[in-house]
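What follows is a single chain, given as structure tokens, in the form predicted alone.
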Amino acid sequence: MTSLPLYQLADIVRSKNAGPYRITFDIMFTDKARYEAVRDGGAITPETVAAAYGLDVSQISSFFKIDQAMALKVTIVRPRAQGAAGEGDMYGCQHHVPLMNIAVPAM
């Protein structure tokens, strides 16, 4: 089976702050068929997100499938607290690349 990176299927993949100790990711779709294929395909799970970021699955603090919005929302524990020494993204807006490159089975 062929696969595509998530960014080729989702309309928006973004990250942002969810407080000083968390980063949240939004995966949004404008097409119901693509949303359902990704939602049900098994490629985007707490385990695969943790693996993409080199985290233990216990560091995934929430994982939601929001059918009304055709979106998936994932929140992780920040690798470093916001503003801590060595932390390079105060706004959490540049952490989405590993997520958007997860391979998803092609529809």
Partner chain sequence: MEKSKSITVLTPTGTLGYGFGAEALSRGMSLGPAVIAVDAGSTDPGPSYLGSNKPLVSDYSIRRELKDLISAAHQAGIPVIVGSAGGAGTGPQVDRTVALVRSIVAELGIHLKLAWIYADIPIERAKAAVDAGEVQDFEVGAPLTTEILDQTCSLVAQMGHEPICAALEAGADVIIAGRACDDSVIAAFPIWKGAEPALAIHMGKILECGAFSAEPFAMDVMLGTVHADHFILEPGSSQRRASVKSVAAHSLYERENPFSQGGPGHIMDLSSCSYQQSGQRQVKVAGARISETDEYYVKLEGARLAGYRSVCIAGIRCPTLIKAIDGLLEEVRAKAIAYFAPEEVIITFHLYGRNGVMKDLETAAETGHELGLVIDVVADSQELAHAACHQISGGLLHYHYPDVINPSGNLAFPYSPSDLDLGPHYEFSAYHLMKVTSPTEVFPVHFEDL
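Residue numbers count along the first chain shown, from 1. Keep in mind that this is a model prediction, so the values were computed, not measured.
Heads up, the form predicted in complex with the partner chain isn't pictured, but that's what we're talking about next.
Notebook entry, point to check: Does at least one non-hydrogen atom of residue 79 fall within 4.5 angstroms of the partner chain in the predicted complex?
Noted result: The answer is yes: residue 79 has a heavy atom within 4.5 Å of the partner chain.
Note to self: Even though the partner isn't displayed, in the predicted complex is residue 58 close enough to the partner chain, meaning a heavy atom within 4.5 Å?
What the structure shows: No, residue 58 is distant from the partner.
Check: Does any heavy atom of residue 48 come within 4.5 Å of a heavy atom of the partner chain in the predicted complex?
Finding: No, residue 48 stays farther than 4.5 Å from the partner chain in the predicted complex.
Item checked: Distance check, residue 71 to the partner chain in the predicted complex, heavy atom within 4.5 Å -> Because a heavy atom of residue 71 falls inside 4.5 Å of the partner chain in the predicted complex, the answer is yes.
Note to self: Under the 4.5 Å heavy atom criterion, name the residues of 73-99 that approach the partner chain in the predicted complex, in sequence order.
What the structure shows: Stretch hits, in order: 73, 75, 76, 79, 80, 82, 83, 84, 85, 86, 87, 88, 89, 90, 91, 94, 95, 98.
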